[in-house]
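Included below are C-alpha cells for two forms of one protein chain, each presented in isolation as structure 1 and structure 2.
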Structure 1
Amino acid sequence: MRKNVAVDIQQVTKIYGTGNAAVTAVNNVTLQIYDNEFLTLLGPSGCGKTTLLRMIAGFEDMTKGHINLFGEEIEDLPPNQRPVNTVFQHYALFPHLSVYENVAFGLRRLKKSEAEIDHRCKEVLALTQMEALAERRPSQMSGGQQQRVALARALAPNPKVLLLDEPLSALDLKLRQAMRDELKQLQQKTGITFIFVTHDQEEALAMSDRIVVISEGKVQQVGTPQAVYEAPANRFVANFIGEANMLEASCKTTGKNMTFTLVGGGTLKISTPDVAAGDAVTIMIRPEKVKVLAKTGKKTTPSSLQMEAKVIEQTYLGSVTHLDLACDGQTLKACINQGAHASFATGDEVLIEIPADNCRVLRS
C-alpha cells in the first residue's frame, strides 16, 4: 500500500559561516516522512537533528535543497504560514495567561471566532486531560502539566505536522516514561504526523514508527525501532542505540553461511551479504544475546561459539544484572535476567556462548 508523504526532504544542507569558519550542520539529507507517522530524529547533541527540525518549521533557512509539505514547496513561506506547529524543549508558555488563554492565543492570532476558539480549546484540553486546570497559570502546575498545555496549544490550530524538540528532557524519569506513552496515544488519536527530536535512545525505541539516526549532519540509518536495534547499518548506529559488543574478525570462506575467524580466536558461521573472503569486519552482538554458562566443559555447537571468560564486574539493576567479562584480552558485556539464569559473582570463571543467529556483520 502506497503511503502519503507528509514531508519530503530532498538533498537539504545547512552550512553556518563561510570559508575556514564554515560548519556543516546538515549534510545533504534526503528523507520522506509519511502522513500519520511518528518519526524520531535521533542522535547525539550537535548532530544536526534540531537544525533539520527548525528548517521544516521555517526558523532556519536552507543553504541548499528542497522541503515539500504534502506536495507543496514551503521554502518561501514564513513560519506562521506553514501548516506545522512546534513544541519546544522549555514549553515557552506565557506565565501571565491561564491555561485556557495560552491555548487560545494562537487561535486568536488566526482571527478565529470566539465560538470556534472556545470549542477548539475545550476539545484539545480534553484530549490532553487538562480541562480541569483551564484557569490555572503555568506557575501553579507541575512540569508534566505544563507539557500537556504546550501540546494542547500546539495542537489547537490543527497543524498537519507537529514538531517536538526534546519536549521530555526537563522531566524526571518516571514522568518521562508516562508522558512518552501519552504522546504516542495522542499521535494515534489525532492522526497528525509527529516529528520528534531526541538524544534518548529509549524514548525513540518506545514511541517511534520509524527512527532516523543522525551523526555529524548525515543520516546513518532509517528504519523501525526493531530494525535499527537488531540490524544496525554501521558501528555508529550499533554503539549509539543500546550497548553492543564488537568483535574484530576476518572472513575466511564465502557462500550461504560464511566463516569468520575472530582476532582473539574461534570461528562463527554467519549468513551475510556483500562480504568477500579476506575482508576484515566487525561482528556485533548485543549484551542480552550473550549467554553466560557455568564452566562445566560444555561443547561448542556449530551455530554458536563458546569461550572461557572471567566475571570482572557485576551491576545489579533489579530485573537484570549486567556483567563485564574478561575474554581473550578484551572486555565483553552480558545482560542476564534475574531468576532465569544461575547467579554469578565477581571473579567467577564462566563460559560465554555467542549464538551466530544473533550476530551482525558490520563493514563500517
Structure 2
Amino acid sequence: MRKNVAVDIQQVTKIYGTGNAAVTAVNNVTLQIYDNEFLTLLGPSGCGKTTLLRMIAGFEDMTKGHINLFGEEIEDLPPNQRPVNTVFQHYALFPHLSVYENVAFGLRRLKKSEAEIDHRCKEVLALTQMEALAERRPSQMSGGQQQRVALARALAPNPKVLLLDEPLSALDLKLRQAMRDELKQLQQKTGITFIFVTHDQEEALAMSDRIVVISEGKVQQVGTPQAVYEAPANRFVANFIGEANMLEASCKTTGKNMTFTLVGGGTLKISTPDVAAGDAVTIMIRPEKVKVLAKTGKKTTPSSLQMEAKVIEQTYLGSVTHLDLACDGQTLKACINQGAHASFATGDEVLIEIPADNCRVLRS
C-alpha cells in the first residue's frame, strides 16, 4: 500500500529574534508525516517541538522552508483556515463556555447545521467519555477531565491532522498511563493523523507508529519505536531513549565482520556498515543485554566479550534489579531479571558478558 503524505515538512527553519539574541528553535527540518499515522516528536525541553507544531498550525511563521498539507501549500493560510486542530499543552479551554459549547465551538465557526453540531458533539463527547459532564464549566472539572474536553474539542471538527502538545504532561502518573492507551485507540478509531509532542520517551515508545527524535532543533532520527530503541542513530538518541552503556573503541579491520578494540582492552566482532578501519567509535549496549555471571561462570555465547567487574550498587525494582558495575575504570549498567539469575551482593566480583549481536556501533 502506498502511503499518503499528510504533512510534508521541507527544510523548515525557525529563528526567533535577530542578531545576538537570535535563537534557532528549528534547524532545517525535513520530515514526511503519513496519513493515518501516530507520529511522535520526542526531545528534551527546549528542543523546538512546540515551535514545529505551531508552524504546522499556523501560529508561527517559518524563517525558511515549506510545509505542505496533503500536497497543498499552507504557508499563506492563517490558522483558522488550516484543516488542523490542536490540543494545547495547557488545554486553553474557553472558561466562559460549557463543555458542550467548547466542543461545539469549531463546528459553529464552520457554520454547520444545529442538528449536525448536536450529533457530532454527542459523538465526540461519547468517544472521550465526557457526555455526563456536558453542561459543566471547565473550572468545575479535574485536570484529567479538562484534558478529555480539550481532546473532544479538537476532534469535533474532524480535522485531517490533530496536533497534540504534551497533552498528558500535567496529569499524574496513573492517569497518564491510562490516557496513553486511550489516545492510541482514539487515533486508530478515528483514522486521523496524530502528531504528538512529548519529552517522555516511555510515552513515545508506548504510543507511536513512528518517533522523530529531535535535539537542538535538528532531527536526530526517524523510525519505529523499535528502531530508535534498538538501533539508535547516534549517542544522543541512545542516551535519550532508555539507558545505554557506552564503550569507546576503535575499528581495526574493514570487511563483513569488523573487529573493534575497546579502549580498555578486549575485542568485539560486529558487522556494521560505513565504518572504516582506524575510525574511533562508540559501542552502545543496553543494560538488559549485558549478561552478569558468577566469577566461575562459563561463557554463554561465542561471539561475546567477557570482562571482570565488581558490583558497586544494586537497586531492587521488583520484576528487575539494576546493577551498577565497575569495569575497567568505567561504570556499566546492567539490568537482570529477578529469578533468572543468581542474586548478587554489593561488592561481589562478577563476570560480565557483552554479546556482539546486541552491540550497536555509533560514530563518535
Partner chain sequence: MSIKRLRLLGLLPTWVTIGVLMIGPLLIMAAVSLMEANVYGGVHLRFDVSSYVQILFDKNLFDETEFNPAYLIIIMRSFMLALGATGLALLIGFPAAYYIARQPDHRKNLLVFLITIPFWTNLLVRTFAWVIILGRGGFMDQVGSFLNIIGPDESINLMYTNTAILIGLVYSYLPLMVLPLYASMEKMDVRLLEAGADLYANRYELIRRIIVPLTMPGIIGGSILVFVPCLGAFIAPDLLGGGKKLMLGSLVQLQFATSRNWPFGAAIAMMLLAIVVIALMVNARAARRHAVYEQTGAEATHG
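Definition used throughout: the rigid core is the maximal C-alpha set that superposes within 1.5 Å between two forms. Counting starts at 1 with the first residue of structure 1 and goes up one by one along its sequence. Not measured: the values here are computed from a predicted model.
- The form predicted alone is structure 1, not structure 2.
- Put the two forms on the same core and the Cα of His96 is off by 2 Å or more between structure 1 and structure 2.
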